[in-house]
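Listed next as C-alpha cells is one chain, alone, in the form predicted alone.
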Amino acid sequence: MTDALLVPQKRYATAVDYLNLMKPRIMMLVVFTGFAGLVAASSMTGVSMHPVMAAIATLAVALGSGAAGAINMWYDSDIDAVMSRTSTRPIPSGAVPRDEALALGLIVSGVSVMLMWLASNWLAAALLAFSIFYYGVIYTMWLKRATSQNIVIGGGAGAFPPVIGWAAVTGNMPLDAWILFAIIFFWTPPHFWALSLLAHKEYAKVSVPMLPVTHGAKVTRTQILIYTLVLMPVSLLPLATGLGGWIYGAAALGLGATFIAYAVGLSRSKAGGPDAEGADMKLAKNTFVFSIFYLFALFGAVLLEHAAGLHFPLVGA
C-alpha cells in the first residue's frame, strides 16, 4: 500500500468512532453466545454464579471481543483504506490514529482478562486471553493474508465465547461446552463466505486470499453448501447430551432446514461469478443475513430453555 493510503486526512474522533473501532456488531453476537453458555452451564450443573459476578464476566467477554476488534482494525488499516466497504472505518477515515487504536486494543485486552479472573476463575480468564490472541494475532496477522482457509481455521476465535461462559461458572470445559463451540465453528465458513461472494472484488484488490478469490465463486458456493449440511447434525448434538430440549430441537431443525435451503439455492446460482445477476447477488446477501439470524435464534433457544425453566431434554424421555 502507498504512504498516501496509510496517512488519511485527520478529523476529530467521536465516542462513536472508538465504539466502532471495537466492532460492536460482532461484539453483540459474541456476548450473546457467551452469555448463553454461562446460563446453560448454571442450569445443567446446578452451580450458581452471583448475578454481579456473572454481569462482570459478561462485560469481560464484551471487552475482550472489542479489544480483539481494535487490534484487527489497527493491523488491517492498510487494506481497510483501499476497500470501499471499510474505508469509512475509524482509522482509514482519519478519526483515530493507528497507534492509538493499538494502545486501546492492548489496554482493553488486559482489563478484560483481569476482570474475568476477578469475577470467575483463571481458566475462563486464560480462555479469554487466548481467544483475543487467536483473533488478533493468529487470524488477523497470519491466516487472513496467508491462506484461503483463513476463515475455517480462524473461525475458532469466534467460537470460544460459550466455552468461556461455561468455564466462568464451573471452572471446567465439558463436552457440552465444546459442542456449542463446534456449532459456531462450522457456522462461520458459510456465514463469512456468503459475505465474501459479495465482496470478492474488494478482497482481490488488496490481495487477501479469500476463497472466491483463490478458487472461484463456484467452489465457494459448493463449500457453503457442504459446511451448511455438516452444520445440521452438529447443531443437533445438544439433543444427544441433554443440553438441548424440545424447544431447542424444533429450532435447530427449522433453522437448519432453512439455512440448507438458502445454501442449495446459492449453490445453483451464479452469485460471485462474472455473469452473476442482481437476483444472484441478492440471494448471497440474504444468505449472509439469515446466517446471523440463525445463530442468534439457535443460541436464543438455548438461553430460553435454560433461563426460563423450559428445558425438557429428549434424553431419557
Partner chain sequence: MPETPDPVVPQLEGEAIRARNRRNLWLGLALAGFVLLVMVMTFIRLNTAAGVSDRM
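Since the structure is predicted, the reported quantities are computational estimates derived from the model, not experimental observations. Numbering follows the first chain given and starts at 1.
Another form exists, predicted together with its partner chain; not displayed. Remarks below refer to it.
- For the options 247, 182, 118, 204, the one in contact with its partner chain in the predicted complex, meaning a heavy atom within 4.5 Å, is 118.
- The contact residue chosen from 307, 13, 297, 19 relative to its partner chain in the predicted complex is 13, the criterion being a non-hydrogen atom within 4.5 angstroms.
- Just one listed stretch, out of 23 to 31, 266 to 274, 251 to 259, 48 to 56, contacts its partner chain in the predicted complex at the 4.5 Å heavy atom level, and that stretch is 48 to 56.
- Mapping the unseen interface onto this chain, residue 114 counts among the residues with a heavy atom inside 4.5 Å of its partner chain in the predicted complex.
- Along 177 to 213, not one residue places a heavy atom within 4.5 Å of its partner chain in the predicted complex.
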